[in-house]
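A single chain comes next, written as C-alpha cells; it is the form predicted alone.
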C-alpha cells in the first residue's frame, strides 16, 4: 500500500440523478494510465453525503475493478456516530478498499474536542479491517482537528497518516513535526500543495488532479526533486484552475472541468446546482492559460 504521491478525489458521475458506474470506471481507467498513485472515491468531491449505503458500496466496488495492483484505492467512509462509521469502514473494506478515509464527526460541533476525536478514531481503527486515514476538512465540517489529536493517534498501528484539507501551513508543519517520521501527512489543497510539500507533507489528495493529473504529478515530482523554482512557477500557473474546481465553484466546477478535459463529469446530484455558462467560460480560459487543449 502506497500513500506517497498524488491522488485525485474523484467525482461520482450521475445520469438523471442515478449513479453512472460505467462513466466512473471509464474515468478511473484513464487516470490509472497517468503517474497518479491511486484514487479516492466517496470523498467530498465524490458527493459522498449524497449517496446511500448501497450506492456507496457499488461505487467503491466499481472503482476497485479499475484500480490495478500497485495503485491504492482509498474509500471515504465517515459517518457521524462511531457505530455507523465502523459499519461504513467494514462495507468499504468488503468493496475492496485498501485504505479508508474517515472525516471528523461534526454535527455537534461544540462537543468535538481533542479527547473525543481520539476516542472516536481509536475505536474506528481498532475495528477496521483496513488502515484508517482521519480526514480533517474544516471548510466543510466547521470543525478543526488539532495536531495534538493526530499526535496521539499516530501511535495506533492502523492509522498510518492523515488527510488535512485545512490549507493551514502552520498546522501542516506542526503535524509533520509532532508525529513519527513514517506517519503520512497528505494535504487536500492544491493551491498550497507546493508549500505543504516543503514543510514535510508527502503527497496530496487534490481535486485539480482529476482534470490535470500530469501537471499535478509534475509539480509533486519537481518539489520532491528539490527543483523549487520550477515547482513554484508551476504552482502559480495551476492555482487559478485549482481554486475553480474547489473553493470557487465547488463540485459543479470540478465536474464542468472534467467534461472539458474529456472525462465524464456531468451535473452534481440534486439539490446541488450545475455549473453556469460563466463558470464554464472561466474554467475554459484557465485550461488555455495552462496550455491544455479542451
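Quick caveat: nothing in here was measured; it's all calculated off a predicted structure. Positions refer to the first chain, counted from 1.
The discussion below concerns the form predicted together with another copy of the chain, not included here.
In the model of the complex, at least one heavy atom of residue 199 sits within 4.5 Å of another copy of the chain. A residue is said to contact a partner when one of its heavy atoms sits within 4.5 Å of a partner heavy atom; residue 98 fails this definition for another copy of the chain in the model of the complex, lying far away. Using a 4.5 angstroms limit between non-hydrogen atoms, residue 281 is distant from another copy of the chain in the model of the complex.
Taking the partner from elsewhere, residue 50 is found to have a heavy atom lying within 4.5 Å of another copy of the chain in the model of the complex. With respect to another copy of the chain in the model of the complex, the three residues 18, 137 and 271 uniformly fall within 4.5 angstroms at the level of their nearest heavy atom. Think of it this way: in the model of the complex, another copy of the chain has a heavy atom of just one of 258, 241, 251, 60 within 4.5 Å, and the residue is 251. With another copy of the chain left out of view, the stretch that reaches within 4.5 Å of it through heavy atoms in the model of the complex is, among 69-77, 203-211, 156-164, 109-117, 109-117.
Taking a 4.5 Å heavy atom cutoff to another copy of the chain in the model of the complex, the contacting residues in 223-242 are 228, 232, 236, 239.
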